[in-house]
Every structure is written in structure tokens, then in C-alpha cells.
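Taken one at a time, structure 1 and structure 2 that follow are two forms of one protein chain, written as C-alpha cells.
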Structure 1
């Protein structure tokens, strides 16, 4: 028997593609992917990331959309229903819960970083970075460093921007599926793509474009396997592989319920394989473009590719400071980055808001306010990680922000992905799966997907996990 979503549906297949692309494309592509690729040495990270996207994440994404389409409600209630329907343990509902918790944790820091992007809008609009035009090249890096540091070292500024971003997110979520979301992503995603292409054009004109290109596509597995290499010692670590896989899950918004809840709003006749492939393609292209923009600027201006979380906030303003109409393009870019972050942040909180509404005790508005307040509070840990608590490293030498990021991206998301693969690949009836995918279980595409999901995904995720905890070393 087919269920109906109480939250409404996307008006078309295209609306789902845009919303899911909006969820996938965000800070993960433009902020996180380049700095992680920089920290893990470039090419090897990029290639491993691409492999994870294709053989592990694409099959999981189809499975996750399919679960949502079958369950037709928040991930918590969908998993409860699906566990009953499949006659499996009630404990499968924990998959929905872990997604909801991961969403809170991710959004808590996501909002702080999106706050940086918000803060950069007036900074660019006022032409601060035009100063780099007349600077000797040796002064450029310290100049951009100082602007970035004066932001992150100031908790009051960070809290204000974090609060602003959470409020905008909650207003959009309170607006509902069609009203806020669908309309926003329809113009935003194409606009972001155009600005990115302009920036690629600029990066290609810098003298170090090829160096940037090589950095991204030259495979140097040593840097991935030995990220902490120095002259004295090279410590073997599976962390680079784990980071690449975690980033693939994060970038595609997988294992968290976002994609599942968006799948719940999908019309019955939509083809899951086509829409997911489109989303994966768009998301991966944006990440690669972001890298192609950032690394040439890094090499042309004496910055460090491994500079960490501030990388994008230091490289791009240099480009905007130097290019014609840079103030205009720069402002536009950071506005679009905020919007891209917004279309992701709403998907981070939607699973919880949808669940609260389904309990029957809250309206969408109160559910949004309540969850926004909790996320805001947890976000303070990230705010302080960059200043007053920067030396507080409770576990593994990581501060609270790094710990939350590590735990969610590298552990919770891939682990949920693994469980999704097991549930759909091994426990659900093949006929139901094929029906929801609008496919015949004998078709060639279906059989490849099913094989990847049943064997390759669980194997791949397990190997990367085991490697990271040092089983093979």
C-alpha cells in the first residue's frame, strides 16, 4: 500500500533535482573540498574522492532516495515503517535517529562557517581587498591572513553572523517544501555555476594555472597515506583515505536523512536513477571547479595549499582584489556561497523538523524555532574553537569543531551509508526495491547498482574503516 507525505511533494522531477543539488552543493564543495585536498596533498585525495563518489556513494544515494520514496515521511518514521514492512528489528529506527543527530551536529558548525561567508559579503562590497592590487607580492599573504584572523579570533563577531545564518535558515524551513525551498534553488544553482565559470576563466589566466591543475590531478599517494610526513618521520595513516570517503558522503549529503527526506517528497513516477545521477554529476563538477579556481591562486600568490580551514577565505579575495569588476564579482560570489550554504542547511534540519511535525505536537513554525535554538547553542562550541577554546583539545589532538566534523563526516555518515546498503541490499524485498526505483530487477543498470550496493559499498566502507584504525599496518 502506498503512503502519502503529509508535508507535500515537489512539483516536478526537476524540482527534486534542484533541491537535492542545492543540498549537496554547498560549503562542502567550495570551502571544505579544496582545503582538504590541500592538506592531503592534492591528486591522490582527489582521485580517491572520485572513486568513492562513483563506486560507493552513487549506489548509496539511490538507495537512500528510494528509502525516502517508500517511507514517505521523516527518516525516523520512514525507517520505523520500513523495518515493520520488511519484518526486521525495530532497532533500524536508530538509523533515522543517528541521521537526525548528525544533522544537528553538522549544522551547528556549518552555520558558523556560513557566517564567515556572510561576513565576507560587506568586506568585499566595500572594496577592502582592492588594496592587494598595489601590494608587493610578499605582503599579500600576510594581508589576507590578518583580515581572516581578525574575524575568527573575535567570538562576538562570529556569534552575530552565526545567529544571522541560523535565523535565515529557520525562516526558510518554516516556509515549507514548495514555498521557500523550491523557488530559491531554481535561480540560485544556475547563478552559482555561472560565477564559478567566470572564476575558472580568471584562474586560467593566472601564470600558475597548470601548477594548480597538476597539484589536483597528479597522483601522489604518498601524501595521502603519509599526511604528516616531515624530514624526520613518516607515520603511516589511513586517515587520508577515511577523509576522502567522509568528504564524499558529506558533499553528497548522504547517510544523514537529508536525501531520504527529500526522496519522501518525490512524486511516485520519478526515476530515481536519473535524478540521482544528475545530482552526483552537478555536485562533483562544482567541487572540481572550486579546486581549479583555488589552487592556481594559491600558487600564484605564495599561499600554502595546506593552509586549512581559512584557505578559500584567503585565496578568493586575492583574485577578486586583482581582477576587473572584482568588487562586484566578489560580492556576488559570497552572496551565492551563502545561498548555496542555505540550500544545504535547510536540508540538514528538515529531517528533524519533519519528524517534530509528524509527532502532531508542533506546527512547522514552532518545530523550526525549537530546533534552530538547539543548533545555535551547540554551534557556540565551534565559535569558541577558533578563539577562547582553541587550545581545548579533548580527544586525539582535535579541538571541538574538528572533533564534531571528524565524528560526523568520517564516522557517522559512512557508517549510516553502510547500514543503508545492508538494509536495501540484503533485507528489503527485491520486488519492492525494483518497484520504487521504477525499474525491472532484470535490467542491466539495476543489476550493476544492486551488485555495487550489496558487495562493493559494504566492502569499501569496511576496508577504509579498518585501515583507519590501523588493522592493516
Structure 2
């Protein structure tokens, strides 16, 4: 059955690779991956992460792209078409809805966090953090904390940056597949890699580049398996392994509908395996390069690599404030964060915009404006969670931001990934799957992928899901 996307197609295979890489590359690669590697010992975490990407995540990503390529619509309508085609229950459309809603909810708080990075660009560019050079060591941390707190505790400031980020996102999405999405990523992704390489070059000039390199690639599984060491004893824990598996899954934007809808814009003759492998390679490269930037800077300034979520917004500004040319390279670093966030944000909203257009009731511009307004409104819950509603914790001691984050990241995404693996691996006809992959069902590569998707991936994703909801606690 041949379908044609009403939204148009990518002009080339490279356009899809740039777009899907942009969807996968985000704050998680540049902000989260380095601090998680720092917390779990560096090299052992990195090698575990890479193995999980290849064995668990790549098969799911290929399956999700293939579903979009076959359905040629938004995730919602693609799953409706494919459920009918495979004579499965109409309830499979809920997989499409789950991905689209998850991406929508994630963008509502993602735009607020991205607004922090946007707000830090003028702070770094104006040399605000250079003041730490002349401060007593006891005053530096309180000074940097005060700048961050003055941002997140001020709802007016947060709303302003949140609004600006949503407006930029909607302008890009409103232009359509070629005029908006493709044009945006064609500029942003090369710019992102150029900034990355410039910062890596700078990191190589720091005194402790080799220490940072060694930290990233020295494989010591004791640090991964015994993350809770103290002076009395070391406790064996699987937290590091599960964290690496979870980071690999979530860093590739799986289960959000983004990869499926981008797959819908692939030309019929495009090789799913080749483009997906290229995306996974590019996404993983960004995470590794981010570590090679951050850890040498951290070690050269005597800072703590396992500083946690404050590594980017509290720890690194101290380093940029003290180092030569710190104003320039600090500004470039936060520009990098903004570019990464924008490339992800346009993919998070695209499934909903595409579905609205497919209803026939909205033009792309009106669908983009409507979606942007709703995301902006939902995002206010995250804005207020850091200030005027910080004490409002309606469920499990979580504020509204933490609740949305928990629901999407810990439940909706792994569940969607598991269902994708089941639908493609167990319910779709092998002939259809092979046809969309442009592969023979008898080829060696296809058989390996199919085995991983049917058996290994569901097991791995189930472990992540069960851990996330506290079964192993």
C-alpha cells in the first residue's frame, strides 16, 4: 500500500539525517550526559552507554522510523493506518497519541529549561561571571548561585525567556517541512558541530585536557558498579548500569513521536538502516564531544565532575569566569545549548502540528500558532513550579514540573518504545517490514536487527521502565 505525505518530503537523505540528529541532540546530550558520566565514574559509564545505544536503542529507532515511513502521516494517523493494514486492534492508535502527547508535554517544560540557556547567553557575553576572578573563594559559589536563583525565582523573567523560545520554535515549524524544518536544521546542525569543535579545540589547550580524556575513556567498572562508596564500605549497585541504559534510550528521542513523524517525510527509496545508523552515530558523537569539552574545563579549574544537574548552570560559569577568554568561550557554550534545544523543540511539536493539519481544519501556520499557545500555557506550570508554586506538590512529593517530567520520561517514553518493538517485531508482516527497510528478510543484518527488536530490546526497555517506576527500589 503506497501513501504520500501531504506535508511534503525531505529533499535528500542528508536532510533527514540532519533533522533526526537535531531531534535527538538536545540538552540531554550536552547538559545531562556529562554530569551522569561524572557521577558514575566516566569511561565505564560511557562504554555501557555505547553498548546500550547499539543493542537496544538502534533497533527501536529503526522500527520507529519505519513506522513513519510506512504510515506517511502524523504518528496518530500513521498508527491508525498501520493497525488497519495489519488487522490489529484500533487501540494501537493510542501509541501514536502517547508519543505526540509526550512530546507536547516535554516541550512545555523543555522550553522553560532552554530559556535558562537563552538567558545565560547575554550573562556570559556581558562578562558577568568574570567578576569571580577578583573574589575570595568563599564568595564565588554564593555569587553564582544568586545569579541562577534570581532567574528561576522570578516568574516574570522565566515567562519572558520561555515565551521567546516558543516563538522562535513556532516560526521554524510554521514554514513546513522544506521551508521551515529542513531550512532550520540545515543551518543549526552544522553551526552546532562547528561550535562543538571550536570548544573541543579550546578544551585541548587547557592544562588538564588529558586528565579529562582519561576520565572519559578509562574503563574502570568499579566506579560504575560501586557508585555509593564511603569511608566505611562500598555498596554494590546496579544504578549506574540502569542510568546508562536509560540515558541511551532517552537521548535518542525515542517514543516521543518525533522520529516517527520525521520518518513519514522520508522518500520511498531511502534506506532506513543507513540513515538511522548515521543519526545514532552523530548523536553519540555530540555526547562524547560534550564530555571532552566539559571535563578538561572542570579539572583545569579544580571543580567536581560529578556535580550533578548544577554542572552547567552553576559550576561551569565559575570556570568560564576564571579562565582566559572565558567570556568568549562561555558565550559560545551557551549558544551551543540553545541551538541543541531548538533543534529538539521543533521535532517535539511537529507531531501535533502535523495531526492538526491532517484534520483539514487548520493551515500549517494556524496549527503552529495554536500548538505554540497551548504549549506556552502548559509551560507556565513549570515556570511557577520554581517560584510561586514551589510548595505545591500534588502527588508523591513532586511539584508540577517534576510530575510532568516523571510521567513523560519514566512512564510514557519507555512504554512507547516497548510497544513500538512489539508492534513491528511481533505484529507486522515480515514482508512489509523488509520492504520498508529496503532489505531481504534473509539477509544477515536484517536477521540480527529482527532478533534484537523481538527479544533483546523489549527486555532492556522493560528493565528501564520497571526501574523508573521503582520496582527495583
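The term rigid core refers to the most C-alpha atoms you can superpose between the two forms while keeping them within 1.5 Å. What you see is a predicted model; the values in this text were computed from it and never measured. Residue numbers count along the first chain shown, from 1.
Legend: structure 2 corresponds to the form predicted alone, while structure 1 does not. Core-superposed comparison between the two structures: the CA of residue 247 exceeds or equals a 2 Å shift. Comparing the forms between the two structures, the C-alpha position of residue 416 differs by less than 2 angstroms, with the core used for superposition.
Annotation for residue 96: C-alpha shift under 2 angstroms between the two structures, rigid core superposed. For residue 51, the displacement of the CA atom between the two structures, after superposition on the rigid core, amounts to 4.1 Å. Relative to the superposed rigid core, residue 322 shifts its CA by 2.9 Å between the two structures.
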